[in-house]
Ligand SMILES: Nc1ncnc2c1ncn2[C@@H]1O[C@H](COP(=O)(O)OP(=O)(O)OP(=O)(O)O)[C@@H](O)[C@H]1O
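To begin, one chain is listed below as structure tokens, in the form predicted on its own.
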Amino acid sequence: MTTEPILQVENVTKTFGGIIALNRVSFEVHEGEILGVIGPNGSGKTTIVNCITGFIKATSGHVRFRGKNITGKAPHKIADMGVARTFQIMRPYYSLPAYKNLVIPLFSPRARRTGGWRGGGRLGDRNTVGIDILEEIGFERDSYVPYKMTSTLPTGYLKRLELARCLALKPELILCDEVFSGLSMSEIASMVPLIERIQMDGITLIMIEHRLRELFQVATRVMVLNFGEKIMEGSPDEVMADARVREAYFGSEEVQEVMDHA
């Protein structure tokens, strides 16, 4: 992990009318790490992802990726720079087969520029690469699953498809919004090594999660938001030992269980 931050978020504030969703949130992410972002419902976790990736415009503050100011840029321009994201509510092309969801990002300028697909520009080449990527993230290549209509896929495959679409863009940073939510324990158990492999491939990750036990298996560092403000940042053990975090999560059975087994 390098000392130079790949992402810098500086005093980002976002208001919706009179509601302060984010209040001067600042943090850095270093290349090669996995930053976990946690907090109770309504704490601003998804809002900060939306501000970073351009889906909403911050009221004030700045976001820099590799030293370049990306504040207020359109989502497709930020993605073209190497920042990809998943969505808590999955957004695949439900009317297409699963592998065709990969063909679309493989046509992007970034994928072409970075060699995200092989071959001489024929559509069939991208089809093959799309299936290759699906196999890497857990689709059985020799089964019918990559060819099934996306609308028929269960949640576990849809979550993996979200990650696959990010990987097709050859990103340097992926922001994962609740990638473990809705999954069974066995599905999560198979997803954790996938996250670790993505990190080992040189991709930096920011992970918003409610599944704390699983997040703490992979997170290098954890940031806690509450009522739109950053209240703590540190290792998983440091975060769980902090009185402010306990107060923010008071009554949460999962957090108490994590604390009891820390």
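Since this is a predicted model, take the numbers as computed values, not measurements. One-based numbering along the sequence shown.
In what follows, reference is made to the form predicted in complex with the named molecule, a form of this protein that is not presented.
Between 189 to 197, 46 to 54, 233 to 241, 63 to 71, the stretch whose residues reach within 4.5 angstroms of the named molecule in the model of the complex through a non-hydrogen atom is 46 to 54. Of the residues given (T155, S108, N127, Q88), Q88 alone sits with a heavy atom within 4.5 Å of the named molecule in the model of the complex. The named molecule is not shown here, and in the model of the complex it never comes within 4.5 Å of any heavy atom of E162. In the model of the complex, V12 stays away from the named molecule, with no heavy atom inside 4.5 Å. Contact annotation for H210: at least one heavy atom lies within 4.5 Å of the named molecule in the model of the complex. In the model of the complex, the named molecule lies farther than 4.5 Å from every heavy atom of V245.
Annotation for 140 to 170: no interface residues with the named molecule in the model of the complex [heavy atom within 4.5 Å].
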